[in-house]
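So this one's two forms of a single chain, laid out as structure tokens and tagged structure 1 and structure 2.
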Structure 1
Amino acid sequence: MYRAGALGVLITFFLIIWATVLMPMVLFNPKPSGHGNNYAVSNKEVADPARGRQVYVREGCFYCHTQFTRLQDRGYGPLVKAGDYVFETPHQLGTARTGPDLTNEGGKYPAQWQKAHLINPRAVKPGSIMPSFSFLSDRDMNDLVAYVQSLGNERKVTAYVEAPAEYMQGTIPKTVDTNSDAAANAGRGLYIQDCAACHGMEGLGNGPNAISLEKKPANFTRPFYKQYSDEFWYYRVTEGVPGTRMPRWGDGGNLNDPRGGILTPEQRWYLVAYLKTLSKDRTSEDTVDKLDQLNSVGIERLPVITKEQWEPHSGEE
């Protein structure tokens, strides 16, 4: 009985190892994507990124920094694919993010900034807990900086304003013709109901609620918003804007669930259709900076429901 139980435990253990470790090693063989890190673009007489990678591994930089942008990441640049790491051995994906993700770090800052950051992190990043690497030799320092500057250099961003990958065209069903007048008219009703209180009737960001918001609502008439694609508008309506009071109108449902969210996907597409019709040719002179520029709320006689003292009413029976 005991032998049979022990044998069952061993078989189960080896099946788990086979399914999670050995079988993926045999079956997972991605093709090179051509969107990884290219170490050949640097002048090796000045610095060698391939050798800088060895310095990166030797100093344990992967303990705190990942090189793997995940689907839920925002603001880290393009997502990675399996084929990006075909030639990366050992992989430096990492698991902890004590420091920021470095997947697309290359080119974000000048090389001198990267060197200053390695020598004295708090001089350029106050509050950083990263240790100083001032002890590195000149060669190690230059090679390490060259490696950091090569991260993501083949992973190109195609637009200045771009929605996350799961919102790009072809990945979500677009059930509304956002260029049609009918869709824009339907979206106008939703806008007045849910958005005008903050963004104003004309999208100037001058709704009556704006007076109480520290982070003021967006002025949709700025030329900047001409860059927004349909997918980016849909993304912003669905997920809101971090750091502001803009709600997540997609809360409560999955991305492709036609019934999910405070607003259904179809309703969000209607909003996109209307937002695209707002004028985007205003100048800086139209900036809302005075109280009298806010949309006024008419003081109407409200019906007395319970006749409580705190209710606004005319005093009439």
Structure 2
Amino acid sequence: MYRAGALGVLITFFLIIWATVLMPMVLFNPKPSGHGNNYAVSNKEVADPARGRQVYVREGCFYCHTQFTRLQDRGYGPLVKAGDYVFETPHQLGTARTGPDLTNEGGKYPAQWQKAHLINPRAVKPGSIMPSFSFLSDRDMNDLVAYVQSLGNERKVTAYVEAPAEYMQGTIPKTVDTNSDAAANAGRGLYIQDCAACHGMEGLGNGPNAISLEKKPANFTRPFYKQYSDEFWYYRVTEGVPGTRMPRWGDGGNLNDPRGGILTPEQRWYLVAYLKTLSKDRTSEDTVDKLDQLNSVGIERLPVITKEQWEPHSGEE
């Protein structure tokens, strides 16, 4: 009887190994997609992304950051394909997102910002709980930044954000021409009335109310907002930002009901027309985005990135 039992244990186990270990090895061989990360792009003399990957592994960034986007992730750019990961060993898919997903992080911020963020996250993102990695040597740090900057570089990210399906183009009637000056002017009036107390007259996120808020209102002048589509603006204004003081200006359950929400859909479209005029273009004087300029970023001297440009949600001026 025990012989039969032992045989059973053996057979079940090897059956399972065969089905879940060997079969995927044989059947699942995605071809490289040319849609992932390319580590050969930067000048290795300056910074080597492939080595930076080893630093990423060593410092255990993957315990807080994932590297795959999912269908429902609206804030992280294009979806990944199986072939993106052929050369990614050991895999850095990650399991927990204490911090944001980094699949398409490359180019999202200037290299200089990345370095400053690694040296002291709280200097560029108030309230961040990411650990400081200031102990990294210069070489490690530059390589790591080069790696972060190469993430998703073959995916050709143009926009990171995308409104949920129910807000996508065509699903909700757009009653206002959001590109017209008239609409923007109307929006400005509403903005001064309803939003300036928090977001500030210039949209810098520094209205008088900002002082008392823990999560500071958004600074609409950031170049980041250039990628927001009208629908995305509309979605944000309508739904507000849960967990912050940002109110929900529309009635999410009934998008088209003219009476729904604090502001009518038309008023919200006017606001969109105004908000989209606020974001500035990224200018080369303010920021350095060249890897070889990384060495000028030091622990004593955090970079010259102007706060207004790169610190997303500060209320200070």
Partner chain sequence: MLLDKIFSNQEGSASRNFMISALWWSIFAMGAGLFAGMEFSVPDLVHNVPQLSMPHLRMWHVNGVAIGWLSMGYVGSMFYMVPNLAKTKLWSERLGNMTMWAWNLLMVGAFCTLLNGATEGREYAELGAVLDVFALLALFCISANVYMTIVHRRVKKLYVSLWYFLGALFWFPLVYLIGQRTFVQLPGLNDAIIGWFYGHNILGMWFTTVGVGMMYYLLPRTTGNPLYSHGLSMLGFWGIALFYAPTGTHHILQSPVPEWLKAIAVISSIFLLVPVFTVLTNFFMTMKGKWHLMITDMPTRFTVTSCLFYLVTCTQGPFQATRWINWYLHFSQWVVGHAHLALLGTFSFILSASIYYGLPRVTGREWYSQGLIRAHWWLKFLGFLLMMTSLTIAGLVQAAGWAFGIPVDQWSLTIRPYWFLRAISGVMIVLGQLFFAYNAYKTLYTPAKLEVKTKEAGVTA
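Only a predicted model underlies this, so the values are computations on that prediction, with no experimental measurement involved. The term rigid core refers to the most C-alpha atoms you can superpose between the two forms while keeping them within 1.5 Å. Residue positions are counted from 1 along structure 1's sequence.
Looking at the condition given, the form predicted alone, one finds it describes the source of structure 1 alone.
Core-superposed comparison between the two structures: the C-alpha position of R236 differs by no less than 2 Å.
The Cα shift for E88 between the two structures, taken after rigid core superposition, is smaller than 2 angstroms. Annotation for N185: C-alpha shift of 2 angstroms or more between the two structures, rigid core superposed. Look at T20: with the core superposed, its C-alpha moves 3.3 Å between the two structures.
Superposing the rigid core and comparing between the two structures gives a CA shift of 7.5 Å at A159.
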